[in-house]
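A single chain, nothing else alongside it, follows as structure tokens in the form predicted on its own.
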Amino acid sequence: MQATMTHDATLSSLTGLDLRPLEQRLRGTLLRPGMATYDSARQLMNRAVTRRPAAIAQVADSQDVVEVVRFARDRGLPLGVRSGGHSPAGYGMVDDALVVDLSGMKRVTIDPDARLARVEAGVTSGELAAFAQPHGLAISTGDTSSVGFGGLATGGGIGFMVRKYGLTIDNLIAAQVVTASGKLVTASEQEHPDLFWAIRGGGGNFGIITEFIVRLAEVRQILGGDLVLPASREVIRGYLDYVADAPEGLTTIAHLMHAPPAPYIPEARVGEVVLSILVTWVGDESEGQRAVAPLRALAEPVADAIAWMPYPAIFNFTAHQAVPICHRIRSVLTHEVSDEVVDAALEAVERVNSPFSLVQFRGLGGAMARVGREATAFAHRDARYMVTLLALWMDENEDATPHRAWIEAVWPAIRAIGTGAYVNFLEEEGHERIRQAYPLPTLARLAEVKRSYDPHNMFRFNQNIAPAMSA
């Protein structure tokens, strides 16, 4: 399956355009079709999406980003932005457009005394964890090591320690942003506070963030790993009833799936439908064992790989998620998960047409819920759960129809309980779903900020928020 995007007529404006003036001003590399590394550079994590941009600017620093934005602005060119390439909709590449590729911007500077880090937009979750670990510090980021910080943070950042330390954006102090006018500005509570509010959850609509200043927490070791339980309504219900009100040091991600051939899963149990609970506990180890005990008591485990470990080691349990794969996704934020949804999820996983497809449950609350809903553009602070359907398959040449049908069969039951959506987990699902990511007052405020910083919607290849109309 090849995903498509509806673009406007300006896409033809790059045909035959002389890009040498831009290339001469860049410290980075400008790739075009036919160049040796072009095809590898345009690959996305979702291999079900194939796009061919007219040029890819592999920028080296913020000034390179300024140059690309100004070049595109002055010529009316379509402009895409890529960080880690994990966008489910494949927005990291845009057909026939000029794409800013931030993935080479990987500078990290840590002040261990102040517990602050300056993080460029191309740094991944795994890389930042590795940089911070020698200082005994960490921040809650995406649960896949290859997720780029740029896309993760602008959408909110629901991660391994969300119940203990909140969203990634809850630890953002300031950011360097290249606006549609080609200016590099600092956004913080003191400077451009409206922009600072908007980039914390509003996605890539308002500019290109090249660097983040974030607050780190003291996290040397965690109690973490995978607790694999036999799947049943009782086990899933017990999990859901516990995790959203568990001690805040405990954050979990549960996958209802067919047991994979992981080294800690007995060979005889591979393929069995299980609830795989990825555990991250921050705090005293003995307290962590007590916090995990109610999960262990739900059923005799198929496998128990929970151990005391350095924080970056938790990414070993999601290493497979850093491998490009074809996927489709549907997701909701919700206050409650009914027994009917649990039954629908069990039935769906029993009849998957791919051994990789799954239903994911996340317990939220804790620190995330203590931030006011108007404090950031991520406003669904009261959501207690996130429920996600993931259809996964390996071969991009395979017909996607059965996988799409699997998603669509169970989606109505999941969608019915939704009270919101997480913008980072949206495909191209239409404006109605974007509205579900933002309550109406939040969306109206975002549109006003958009009018101030990007009135002509240059940054539109995303979960787009149109500028508010002038009075």
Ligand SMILES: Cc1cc2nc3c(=O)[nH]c(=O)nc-3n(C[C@H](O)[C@H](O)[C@H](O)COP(=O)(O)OP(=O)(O)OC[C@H]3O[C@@H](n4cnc5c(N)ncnc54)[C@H](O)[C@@H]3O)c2cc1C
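Keep in mind the model is a prediction, meaning the values are calculated, not measured. In this text, residue numbers run from 1 along the sequence as written.
The protein also exists as the form predicted together with the named molecule; that form is not presented, and the subsequent description refers to it.
Contact with the named molecule in the predicted bound form, judged as any non-hydrogen atom within 4.5 angstroms, is confined among 395-403, 230-238, 139-147, 340-348 to 139-147. When contacts are judged by a 4.5 Å heavy atom cut-off, residue 126 does not count as touching the named molecule in the predicted bound form. The named molecule in the predicted bound form is approached by residue 154, whose closest heavy atom lies within 4.5 angstroms of it. Shown alone here, residue 83 lies within 4.5 Å of the named molecule in the predicted bound form, counting heavy atoms only.
The named molecule in the predicted bound form is not approached by residue 192, whose heavy atoms all lie more than 4.5 angstroms from it.
Taking the partner from elsewhere, no residue among 117, 169 and 281 has a non-hydrogen atom within 4.5 angstroms of the named molecule in the predicted bound form. This chain lacks the partner; the member of 208, 98, 275, 161 within 4.5 angstroms of the named molecule in the predicted bound form by a non-hydrogen atom is 208.
Of the listed positions (381, 200, 362, 258), a single one reaches within 4.5 angstroms of the named molecule by any non-hydrogen atom in the predicted bound form, namely 362. In the predicted bound form, 422, 424, 425 are the residues of 406-426 with at least one heavy atom within 4.5 Å of the named molecule, listed from first to last.
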